[in-house]
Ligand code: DGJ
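The chain below stands alone and is given in structure tokens; this is the form predicted alone.
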């Protein structure tokens, strides 16, 4: 006999179920809410009654923390799947969307269902806090710890995961992301970048639609050549420099990465970032912790400019080596000699270094190899003994000569690579990344060394360590990496699918050793231009080489886009003979970051030499603002005839404004004043044109103005044909 159903009771039951479906939790007293806060923002995670960890909010911080627990009930979800807003989405169980983690257990089962166990909050400093959340599968002895390290004042978060298991046999990680973010907005606009050699950081912006947009690389080494691991997502509308809500992200990994951006059926954005699982099913032994790379991001509601300043400040304080210290100006010999030099010629360039007024001479490629001398890029790479024909008295002669001339000495290395025409290749074919049954394929006539082999790690460490040990006066290392990986295969690695990932772990292990022994040694991360620009590598380096393309007009665009993610003092810029622009233009562009020269000083006219010498002094006068100040983009080169960017020191007392003509059409120029940013409205500032070429006069009258005037009305730099590059100094008048 069927029981009678009370209609009112049925209605109450339907209402109860609907209440659940809306995302409101019944046992409110048992709800665990985990706010992860910076000065301006909050990511709020919540544990459901079923112990699943979800992201319920990511945006401006609320003044009352108690209100975070009420957020979930304000949203309605399409409950076809319950994992849309999972904080770390699994596969093979309830989730039907793109996972952050996918595994094959020791028994072959491919399901994973992670539930909340506990969490800890650790205050590391007044500025830095770490939230660690432990998740565990209810069936398998498999666990993940999600880590959120916040930098409160910088509004920056680093996120990563630690994966381990205690199953009886190996588990295979099929996908193992660092972060899984969840954002809610009416629309999403992705700005990302593409390129190639000499064409780095070319931006594209598009609206994300339903489905998945994937940014990735599969190049192994020099992985950022075609697409760097940086991006921006604007929420609701396309952000501008100073308006709009925007997320800036950067994966700290120096090899294959993958970033998935999925607009889900509820019109929210799921963002998953981590190591690329392409050809990389990772075999994980029981009891071993697998730590993913960090994914760093910042959220701003004041446009791309503030977001970039957040990252720049964070990088200087916490990531780049000696980010709050000075930088060395330098003279490089590459474009003046290439591989053709000897002791006498280099001794002359060392004297030119002193004459120019820069701090350091950098000896580039070509100083090594005897059986196979490094006279071009076909031979010698891997044989790191000094070439006796070129340098019979060794590196010591050059360091002593530099010291006598009152300058420092630095040197180029490419320790991860080898030429087939080398003694190293002949002696250790098993040290080289290649397929044993396939023909070798070269990029720049070279192959990659297998860093997963401990003997190779020791060899690579020894290259730099021996140079610095035998030549203690060496003051700078340029670390290059010119080849991507073809035929990826290791003679050492037991599981080939671990190779791509273990290669980078090994690289970092080598760099960790070097930095432990030489913590402050200035080192440039080159990689044939922008082939390896990421914070995974930059935590070991003082600077990076943005591009081999040093044409100054091209460099304006390249340096502009890099600046959204990296501070100016890390951008190694050099004055060269590329392009058709005058010396002043080339120098002014290089001064936007860390200044260097790669020119033949002896071929400069007297006026050109005088200009360069004065430019170095001017650069050092304003270096504090450029290196450690706040950067403000005033006019985008892609939207205006004149590009304009400025830097202001932290006291807002000194600034410098760079202005460049980027359009050669007839009659173009700065017809209107350009508004300045970052100044104190009530301070008085003296304005004057600086870095003038000898014999020229400024068309801009010196003047003193309030910060409010300069912000509201601005300054016209009078950029035009014949005045294609104009620098303006800004000094507080007390």
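Residue numbers count along the first chain shown, from 1. None of the values given here were measured: they were computed from a predicted structure.
Although it is not shown, the form predicted in complex with the named molecule is what the next lines describe.
Contact with the named molecule in the predicted bound form, defined as a heavy atom within 4.5 Å, holds for exactly one of 83, 630, 365, 98, namely 365. When the named molecule is considered in the predicted bound form, only one residue from 322, 241, 581, 548 comes within 4.5 Å through any heavy atom, namely 548.
Picking from 461-469, 264-272, 523-531, 114-122 the stretch near the named molecule in the predicted bound form, with a 4.5 Å limit on heavy atoms, gives 523-531. Of the heavy atoms in residue 304, none are within 4.5 Å of the named molecule in the predicted bound form. None of the heavy atoms of residue 276 is located within 4.5 Å of the named molecule in the predicted bound form.
Taking the partner from the other structure, the named molecule in the predicted bound form has no heavy atom within 4.5 Å of any heavy atom of residue 217. The named molecule in the predicted bound form is not approached by residue 397, whose heavy atoms all lie more than 4.5 angstroms from it.
Contacts between stretch 468-495 and the named molecule, counted in the predicted bound form as any heavy atom lying within 4.5 Å, involve 478, 480, 482, listed in sequence order.
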